[in-house]
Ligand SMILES: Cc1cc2nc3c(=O)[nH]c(=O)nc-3n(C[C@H](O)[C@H](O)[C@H](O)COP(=O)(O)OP(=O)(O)OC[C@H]3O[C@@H](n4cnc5c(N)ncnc54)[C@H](O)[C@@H]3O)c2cc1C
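Form predicted alone, single chain, as structure tokens, below.
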């Protein structure tokens, strides 16, 4: 529900109204917690990104009223094909090997964020739009948070602050430090049209000059192509036919040939992590806790698992433990394995596949073939992509 008058106290303040913040707000409020969500923007901006959501993420969203096929227009992903340019190495992941109807779904970020905001406005959590958080003061018994409003600053107290806003406020915290590693790469994003139907298959192609992914998106694909910054600028400037020719040359016969191109965009890539996902009266979820390379499509899925876990920890703790050290330490302990494994896996993929060394390239090819030949190993890998480390 929309909050027209900010309170002087909220048990839980969630900062950030994207899909991760919306999920934890909805889940906590439905469980009877007094929740206020503050979102700096009044409206969700246009965003060209398409996101790969795992089947488990779809289930988590659905369980909290945040999945609506009519509003989101998801495209099912039944298979994932992984290969390396210039070698025979390839493997495939399939939903039926896990007994699932789909491995996941592609949805547009803007559609998901707008639907989440509509659900929140009709739900039990109080939500304040156009309300940026300016300062956070951490104290032993509570946090004092100053928000910006059209009428000036407003300070309220809360027992727990949950940051789900992408990490912009980490500088306000005295006991959590962010680490950043630039990949010196940019992601080129474009909608591309295949010559033949994609049949719900996603493609991950490790090309010689950077990985590229094709996500089924309606009848088309959403292309995410990792390039050096200079290379990304060059690709954005190419004529349509030349751009498609370069992509098709890197795909070879491993994916449908591409015959149409929509608008293109790019953004810089970096790995951002923190030394702790909890501080005094503060917990981090989603991109506030970690921002990953898009190579394996795990960023939002990891953030949604953060939200589900933290909500479960709060729901199963005595009321007087809200925001206390023991409760937050439990959340950190439960999330550490999954977050560390996924973070190191995505970062390691970039390191592993960026070397042009012929011997290493051959070894990577053999690794993909071995994964394809070992059904139990392949199923375990697919299960980890869907459910995380459990």
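Residue numbers count along the first chain shown, from 1. Here the structure is a predicted model, which means the values were calculated and not measured.
Form predicted in complex with the ligand: not shown, discussed below.
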**OP:** Given the ligand in the model of the complex, answer whether the residues 74, 217 and 236 all have a heavy atom inside 4.5 Å of it.
**Re:** no
Original post:
Heavy atom to heavy atom, is residue 20 within 4.5 Å of the ligand in the model of the complex?
Top reply: yes
Original post:
Should residue 123 be counted as a contact of the ligand in the model of the complex, where contact means heavy atoms within 4.5 Å?
Top reply: no
**OP:** Answer for residue 282 alone: is it within 4.5 Å of the ligand in the model of the complex, judged on heavy atom distances?
**Re:** no
**OP:** Please run the contact check for residue 104 against the ligand in the model of the complex: heavy atoms, 4.5 angstroms, yes or no?
**Re:** no
Original post:
Pick from 43-51, 65-73, 335-343, 317-325: which stretch has non-hydrogen atoms within 4.5 Å of the ligand in the model of the complex?
Top reply: 43-51
Original post:
Which of 168, 137, 118, 181 has a heavy atom within 4.5 Å of the ligand in the model of the complex?
Top reply: 168
**OP:** Scan 189, 94, 271, 258 and let me know which has any heavy atom within 4.5 Å of the ligand in the model of the complex.
**Re:** 189
Original post:
Mind listing which residues of 126-162 have a heavy atom within 4.5 Å of the ligand in the model of the complex?
Top reply: 131, 132, 133
